[in-house]
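Below you'll find only one chain, the form predicted on its own, shown as structure tokens.
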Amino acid sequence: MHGRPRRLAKPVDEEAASAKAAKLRDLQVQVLQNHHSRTYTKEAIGLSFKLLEINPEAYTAWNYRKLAFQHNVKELSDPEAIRSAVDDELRVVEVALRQNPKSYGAWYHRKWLLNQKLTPVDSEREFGLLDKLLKVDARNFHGWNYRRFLARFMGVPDEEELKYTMDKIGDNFSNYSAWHNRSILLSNLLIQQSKGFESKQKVFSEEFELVTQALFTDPSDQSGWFYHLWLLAQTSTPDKPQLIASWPCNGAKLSSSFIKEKVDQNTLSSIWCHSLKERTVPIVLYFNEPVKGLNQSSVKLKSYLEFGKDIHWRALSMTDSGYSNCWATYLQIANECSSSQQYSVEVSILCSEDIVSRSGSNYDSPVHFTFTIELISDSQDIDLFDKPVAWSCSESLQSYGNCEPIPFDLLTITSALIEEESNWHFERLSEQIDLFRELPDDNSKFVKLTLARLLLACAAMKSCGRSLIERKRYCDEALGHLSDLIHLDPSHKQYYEDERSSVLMDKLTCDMETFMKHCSVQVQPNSVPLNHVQLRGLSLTCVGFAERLMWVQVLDLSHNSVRSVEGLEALQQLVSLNISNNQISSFTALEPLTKIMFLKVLDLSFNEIGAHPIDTTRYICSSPFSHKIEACEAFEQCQKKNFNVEEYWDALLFFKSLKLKQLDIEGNAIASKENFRTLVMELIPSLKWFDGECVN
């Protein structure tokens, strides 16, 4: 861990090990019997001690001792007898910790005992125990966790604990746990505005100086680099959550129809919105960090439109944490329309204690924007899918006439991502860049990774009004470091590739002049104008800066190396998506697409789905489909129709969430499996085109 080599295992005496295992089994059987029979005699409790003395990880034995302690202490009224009982339990923990200083059960048991608050805590004894353990292993994170618990329990000021971390770091710069504890304490002190910690600038300047000394003393040690990363995050991001983009954007005009003459004359003034055909308008809000708490109180909507259902905001996230960068609601329009009418919708995100980030910061940057919805009574009913959508293989895009996509600057709700002291932030980061450039170029991955992160933090600040040319220069230098890291550190190759992919997306989308080369308005014969973005053949492995693509209706990501589509859930306008010829290996990697309500065309052809006999990505994605509550019901229905649920469970849960009109999946190993095609058509009754053939 953290560059420290493992100790070689000692030779094992097989006969002694066999005898120890037999004794352990006997003790486990006896303790379980006593546990089930609720026998809490002195002899029975003694057996649990013998078991824990050999194996401190016997969790049932710890739980048994808790029950026995609670049972027996009820019969005690003498304070000295209670103190003696507590001391006995504390000694058992100490014996277990001598056997294994990193025993979860032992540390939890000690915390539990103190939380009973039966006797005054001997702080000298507790901190003395920690001192002994941390002298043996200064980075024992169990000991540091217990120290944080003990400091809170005893009311020790954070300032004193901060001094303790400094002592430990002074003893050894490589003490990762001390650096970690320091970051926690500093965060608390800055939030509380404690005396001497009112100025972030002063505190972080001192911390940068401290960690820089550590890094220059031993550039190969990881501990200081991780702390530097934490400092960088504190310096380059705002203290409180910010809204950075929305769809519809301010001033947008959405329409359920279009007038052919206006298309021909290039005088379009509205955006054709497919969801309006179903009398629905998605509103998407995108924050710079995950937040929770969006509701009708924190986000106000004002309009003469009648909405059919209560407005409910939902997190477009792959986890169930309740936090998300991206939030959406779907307005169900109830108005009867006898003629063409326009309605304005005003959205107000208020200062609210409801909207809160993971760090506990409240949203306090009110934003208001307005868009218009045009309802047309006799709108032409357009079938976008009368013929299969054909994807162009051209590297360049040809727009229809002079039509242009949505102006990029309309997507930016606020540019207040860097606060008033942004000059200090920028200067501090620039100093750090110059400093690390001076380190000897010994191909240290830590130096290159830190430089890349510093450069990207400076590049992000350049988006706030400073020179875009300089921003791109920072991005180019960061790309060089990331390319080096891919070769220097192949075990983390995919991480560096994803970072590089994110930087490429930033370069492409940071200004409209560059982005326009990949954008167009496409109009098929007898169809509607759609905002089209082509990002094919760019060596992308993931999709970054999705908040800049929320207006996109047709997206071509083919011929890349995409492994995950996370981020695309923000594109609630998306109608057609091409991710053919990529490296998607499972349907679980496509889960974000189930959040896009109006996706109609999906090209998954020539990926790697089903190619791996043991595909762990089916189970280790951030929120596997197997965790969904509705899974059992869907599985039962397919089992009745003799589908192999064990083999196709992720495909089943993916496709049942979609309402596609066109699907292409040829070229994947799974496409040739028995009954797969039948299963897909069963799950998507709306499907009209399947691998180029008309099926409905």
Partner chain sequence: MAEDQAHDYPTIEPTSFDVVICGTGLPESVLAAACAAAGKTVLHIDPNPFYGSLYSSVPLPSLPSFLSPDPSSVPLVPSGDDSHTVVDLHRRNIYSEVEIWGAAPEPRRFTVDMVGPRVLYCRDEAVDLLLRSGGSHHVEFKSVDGGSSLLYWEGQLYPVPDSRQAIFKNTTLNRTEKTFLFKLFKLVMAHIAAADEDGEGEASDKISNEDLDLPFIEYLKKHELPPKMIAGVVYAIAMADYDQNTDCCEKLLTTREGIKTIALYSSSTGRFANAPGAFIYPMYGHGELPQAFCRCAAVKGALYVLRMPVSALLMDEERKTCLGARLTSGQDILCQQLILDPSYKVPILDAPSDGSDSNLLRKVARGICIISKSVKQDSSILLIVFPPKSLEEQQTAAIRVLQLSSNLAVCPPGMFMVYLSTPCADTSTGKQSIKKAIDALFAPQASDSLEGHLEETSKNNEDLKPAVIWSCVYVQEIMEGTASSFLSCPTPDELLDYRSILDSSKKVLHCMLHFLLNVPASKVLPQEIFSCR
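All values derive from a computational prediction rather than experimental measurement. Positions refer to the first chain, counted from 1.
FYI, the form predicted together with the partner chain isn't displayed, but the following is about it.
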Please run the contact check for Glu209 against the partner chain in the model of the complex: heavy atoms, 4.5 angstroms, yes or no? yes
With a 4.5 Å heavy atom cut-off, would you call Phe173 a contact of the partner chain in the model of the complex? yes
With a cut-off of 4.5 Å between heavy atoms, is Leu435 one of the residues that contacts the partner chain in the model of the complex? yes
So in the model of the complex, is the partner chain close enough to Pro120 to count as touching (4.5 Å, heavy atoms)? no
In the model of the complex, which of the stretches 125-133, 209-217, 360-368, 78-86 has residues with heavy atoms within 4.5 Å of the partner chain? 209-217
Checking Val347, Leu439, Val554, Cys519 against the partner chain in the model of the complex, the residue with a non-hydrogen atom inside 4.5 angstroms turns out to be Leu439
Just one of Ile169, Ala546, Leu590, Ala478 has a heavy atom within 4.5 Å of the partner chain in the model of the complex. Which one? Ile169
